[in-house]
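Below you'll find only one chain, the form predicted on its own, shown as structure tokens.
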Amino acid sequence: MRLGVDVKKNVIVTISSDKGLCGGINSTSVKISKALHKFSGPDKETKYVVLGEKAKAQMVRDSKKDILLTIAELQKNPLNYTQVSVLADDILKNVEFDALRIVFNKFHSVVSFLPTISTVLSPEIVEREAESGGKLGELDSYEVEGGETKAEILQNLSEFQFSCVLFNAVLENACSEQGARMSAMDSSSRNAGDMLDRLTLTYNRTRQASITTELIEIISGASALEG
């Protein structure tokens, strides 16, 4: 993924569920995350932050050394912004980065979801690009009230942006998870119904064959006695 901004430290935040039985939603996030890691290039440092037990179980097999932080039971309680903002603050305190790549599944419908990547740049990168006249624009063109410095403003905005983007990503992924689980369970219910119908048909045929055999034996025995 190219952003037009040169960064050396990428951190991929992979969002998944803690429970299974929801189709390929978790494996999709893991595949996208590993692809991002692969195409980052050897000259860049790329690490993972993993949210959810399912992605953790898949990624520790071959990427354990690159995992900086794992967080589970995110949906143990109903999701709210306060909970996610605390989580975002915990990630920012424990991870050094130039860019955060948040990988999640965007809800499209009950039967489909769209793998999505959102990027949040560090305040230092934003300030560097602004001062060099990069694509992010000139920050001095904005009027700022209060006594905060540019660095403090960028730090606050970056933290707020990350918490908002993460909250959106977690909600979208949770909706996609429920939709995928409903679809998977509906397919399982239909398959179980079809299996039950086939077993019932086999049982009835076997029972009918047994009854027919017994009737033939009774009739044959009666005919032999009469003859």
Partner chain sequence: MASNAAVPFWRAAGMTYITYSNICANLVRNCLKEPYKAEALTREKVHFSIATWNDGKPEKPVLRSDTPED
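Everything numeric in this text was worked out from a predicted model, so none of it was measured. Positions refer to the first chain, counted from 1.
Omitted from view is the form predicted in complex with the partner chain, to which the following refers.
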(request) Using the partner position in the predicted bound form, report whether residue 67 sits within 4.5 Å of the partner chain, counting heavy atoms only. (result) yes
(message) When the contact criterion is heavy atoms within 4.5 Å, does residue 96 count as touching the partner chain in the predicted bound form?
(response) no
(message) Considering non-hydrogen atoms and a 4.5 Å limit, does the partner chain approach residue 107 in the predicted bound form?
(response) no
(request) Would you check, heavy atoms only and a 4.5 Å threshold, whether residue 118 touches the partner chain in the predicted bound form? (result) no
(request) For the stretch 107-128, return the residues whose heavy atoms include at least one within 4.5 Å of the partner chain in the predicted bound form, in the order they occur. (result) none
